[in-house]
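For reference, the chain that follows is the form predicted on its own, supplied as structure tokens.
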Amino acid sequence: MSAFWIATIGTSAIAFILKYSGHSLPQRLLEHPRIQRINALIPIALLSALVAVQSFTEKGKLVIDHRLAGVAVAVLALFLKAPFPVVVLSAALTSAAIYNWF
């Protein structure tokens, strides 16, 4: 068995144990205000990290290209309180236009 499969099976087991232990916690622990605040912020942090990694890196190296323009337009659209479909479409169109022009 290769190291890849050992890592895959080990990671799967850890994920299962974490999910199972999360369901086994008493309700009073999950209703604590601090836990509620932390749980509200975790998806925001993970999505921000995903956007940063996917927008500014390629093969482990920092890259500034058409994706930066798309993210900038999306941030501007969010700042102007545009609906979500408008944010996504404007970012995609901007990124695609710059990619095709340059």
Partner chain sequence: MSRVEAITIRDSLSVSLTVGAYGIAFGAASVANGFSVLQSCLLSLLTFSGASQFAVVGVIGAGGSALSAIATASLLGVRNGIYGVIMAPRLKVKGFRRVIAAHITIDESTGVALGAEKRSESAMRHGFWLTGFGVFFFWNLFTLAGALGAQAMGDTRAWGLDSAVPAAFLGLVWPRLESKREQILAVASIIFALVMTPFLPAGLPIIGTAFIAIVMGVRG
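Residue numbers count along the first chain shown, from 1. So that the term is clear: the rigid core is the largest set of C-alpha atoms that superpose within 1.5 Å between two forms. The structure presented is a predicted model; accordingly, all values stated were derived computationally and were not measured.
What comes next is about the form predicted in complex with the partner chain, which is not displayed.
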Contact between Trp5 and the partner chain in the predicted bound form at 4.5 Å, heavy atoms?
yes
Contact set, 41-61 vs the partner chain in the predicted bound form - heavy atom within 4.5 angstroms
Leu41, Ile42, Pro43, Ile44, Ala45, Leu46, Leu47, Ser48, Ala49, Leu50, Val51, Ala52, Val53, Gln54, Ser55, Phe56, Thr57, Gly60, Lys61
On a rigid core superposition, would Phe84 pass a 2 Å threshold for CA movement between this form and the one not shown?
no
Please determine whether the C-alpha atom of Val53 is displaced by 2 Å or more between this form and the one not shown following superposition on the rigid core.
no
Checking the C-alpha spacing of Ala7 and Ser55, a student should find that in the predicted bound form it changes by 3 angstroms or more, with the atoms closer
Closer or farther in the predicted bound form, the Cα atoms of Gly10 and Leu50, when the shift from this form is 3 Å or more:
closer
